[in-house]
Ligand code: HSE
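This document starts with one chain, in the form predicted alone, laid out as structure tokens.
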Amino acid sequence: MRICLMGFGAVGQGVAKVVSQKKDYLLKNYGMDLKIVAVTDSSGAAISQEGLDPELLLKVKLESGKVSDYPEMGVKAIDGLDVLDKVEYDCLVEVTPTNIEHGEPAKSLTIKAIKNKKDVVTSNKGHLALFFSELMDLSQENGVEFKFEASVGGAMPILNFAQETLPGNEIKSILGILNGTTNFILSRMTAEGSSYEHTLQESQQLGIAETDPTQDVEGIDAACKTVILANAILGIDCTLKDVQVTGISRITSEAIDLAKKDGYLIKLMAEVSPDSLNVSPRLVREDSPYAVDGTLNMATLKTDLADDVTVVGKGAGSIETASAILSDLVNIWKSKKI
């Protein structure tokens, strides 16, 4: 399988590491020869129809910060859409930064690949939260696979789990923790009695929170994931504007202490149901499945046959997210045997 990798930040580099690490395993277990034939970043691209060396890609990126410096095969200042025209590939792996204003460049890259009858795997939330129905309809019209396990919960297997492991169940609602940064902050505030401001600064120093943490702490990231789950699992046609959102920036250490005295924790919870699309801080019992610490994500799926089913996993990390991307690639391979 030849993949075109759009984006070479933390997740894109994670994909390259996983491809290098799992190459022999995939060939032995699935007969799958996974090749990266193009990679892009803001500097340009590296393109080789014979396949790029993932380890050399990572070395070049580390040393110069530019994949376009890849020896002999680097191309300066080329647009991602043009790269898709220059290389023969089977699947677009789209891991550009999330854009919740207009979903670009992910939207245009995805549409172009789908119209060219190519499968698409993405970790991006922006275009899914804004244009889910349009993109899914387009993929079905063109007979291609469009998968996005990595867009919700990093390594936590929720989308494929719901669709492939529980296909006979009606999933009535989902309630969970879908943002690792806010869960880390609230967990630290609970354990240390520290203020929100101090804990946010600490999480930024550790690289867990972004320099601009707005999308995480104000609940926007979790709201995007709420939209994806609502559409993909519950069949609710919605976009980001349909989610009621309250973040954690007003949570005080005093509020957390009061909750603890009564045996409760404060968590940023996402609720997905036909009656409610909501992201907000809530009280959860200390002995409940929602009492997960650190950057862990979790979700409880309420079903008609299996009752409540809970999944837990690391919600962030380049390798963890890349593992979800790899699962989508393997599933596409198994279904199509390219």
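All values reported here derive from a predicted model rather than from experimental measurement. One-based numbering along the sequence shown.
There is another form of the same protein, the form predicted in complex with this ligand; it is not shown, and what comes next is about it.
- Every residue in the set Leu178, Ile208 and Ala316 has a non-hydrogen atom no more than 4.5 Å from this ligand in the predicted bound form.
- With a 4.5 Å cutoff on heavy atoms, Lys225 counts as touching this ligand in the predicted bound form.
- Although the partner is absent from this view, Asp216 contacts this ligand in the predicted bound form, with a non-hydrogen atom inside 4.5 angstroms.
- Using a 4.5 angstroms threshold between heavy atoms, Asp221 counts as touching this ligand in the predicted bound form.
- The closest non-hydrogen atom of His127 lies beyond 4.5 Å of this ligand in the predicted bound form.
- The stretch in contact with this ligand in the predicted bound form, judged by heavy atoms within 4.5 Å, is 208-216, chosen from 67-75, 164-172, 208-216, 108-116.
- In the predicted bound form, not one residue of 257-278 has a heavy atom within 4.5 Å of this ligand.
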